[in-house]
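The data below hold one chain only, encoded as structure tokens and taken in the form predicted on its own.
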């Protein structure tokens, strides 16, 4: 069975492909390798995947219907994991149009091909950011959606389109809402990499909302394992699932845990809340646990340790950085 993964060179796409390759699935990976962040970094992930015989990579712009059509005709995938999207919250305020084209338009193209080629399973990775700022926690899948930034609004729109188009199609649609994913090979605009970059360069790190943001962190390898387990799940009435550990912590506590692992003394400046950012994420994972057998989430302490160990061993830091971080 051929499984197609869009955004395979991205953070989550890379880890999902790695997990599925361990289980000996045939993976067709698509990515346009855009320059939102270093294409060299993305290629470094791809080089690890290319070592596997069951992995095939194609550089494809999903906005080009003809190219996408050729992929489906040639490889005839039965399952799609749609992870490709334009990420970034603050960037979405500066370049909103790219979120419409790379998130909504691309999803429509994939839906068209899926219906045309009788795809069996279509799994879409949305985001916990679709919930917006809430006052009642933990957030369940039935909570209202009140996105507060362009990125989240396009994710919400994609969900609506998918639910409508696949309603009577026979396609097994599942929509996943991961909460604050972190871990090795993370995007350079995520907090771990951003923080380490500032620390190693002896630059000021701005900690917004005075460090009081609360996040329900999800270790990326947990996410990949969870997504892979859903391949054995039959079509269900429930189509939307939170993916989270349900153990939120304050960001300033996260920073303190990291600081215990490095020798540099960081230069942190506290800043007020930024518009467009969720003040607290805390998801309910009861439906997830009920649906699949997954209960052992990686603790934040172990997740940080694994991420920092990866960073120490990551030889090509020059892709993103110019100096080395010193470790204890």
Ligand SMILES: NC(=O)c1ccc[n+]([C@@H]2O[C@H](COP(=O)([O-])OP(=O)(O)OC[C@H]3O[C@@H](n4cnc5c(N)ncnc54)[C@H](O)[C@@H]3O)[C@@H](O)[C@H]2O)c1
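Just so it is clear, the model here is predicted, and its values are computed rather than measured. Numbering follows the first chain given and starts at 1.
Note that the form predicted in complex with the ligand isn't included here; everything after this is about it.
- Residue heavy atoms within 4.5 Å of the ligand in the model of the complex occur in exactly one stretch of 57-65, 299-307, 286-294, 264-272, and that stretch is 57-65.
- Taking 242, 114, 150, 180 one by one, only a single residue has any non-hydrogen atom within 4.5 Å of the ligand in the model of the complex, and it is 180.
- Contact here is defined as any heavy atom lying within 4.5 Å of the ligand in the model of the complex, and by that definition not a single one of 77, 174 and 224 is a contact residue.
- The ligand in the model of the complex is not approached by residue 282, whose heavy atoms all lie more than 4.5 angstroms from it.
- Heavy atoms of residue 49 never reach within 4.5 Å of the ligand in the model of the complex, leaving it off the interface.
- In the model of the complex, residue 32 approaches the ligand with a heavy atom inside 4.5 Å.
- The ligand in the model of the complex comes within 4.5 Å of no heavy atom belonging to residue 20.
- Annotation for 1-30: interface residues with the ligand in the model of the complex are 7, 9, 10, 11, 12, 13 [heavy atom within 4.5 Å].
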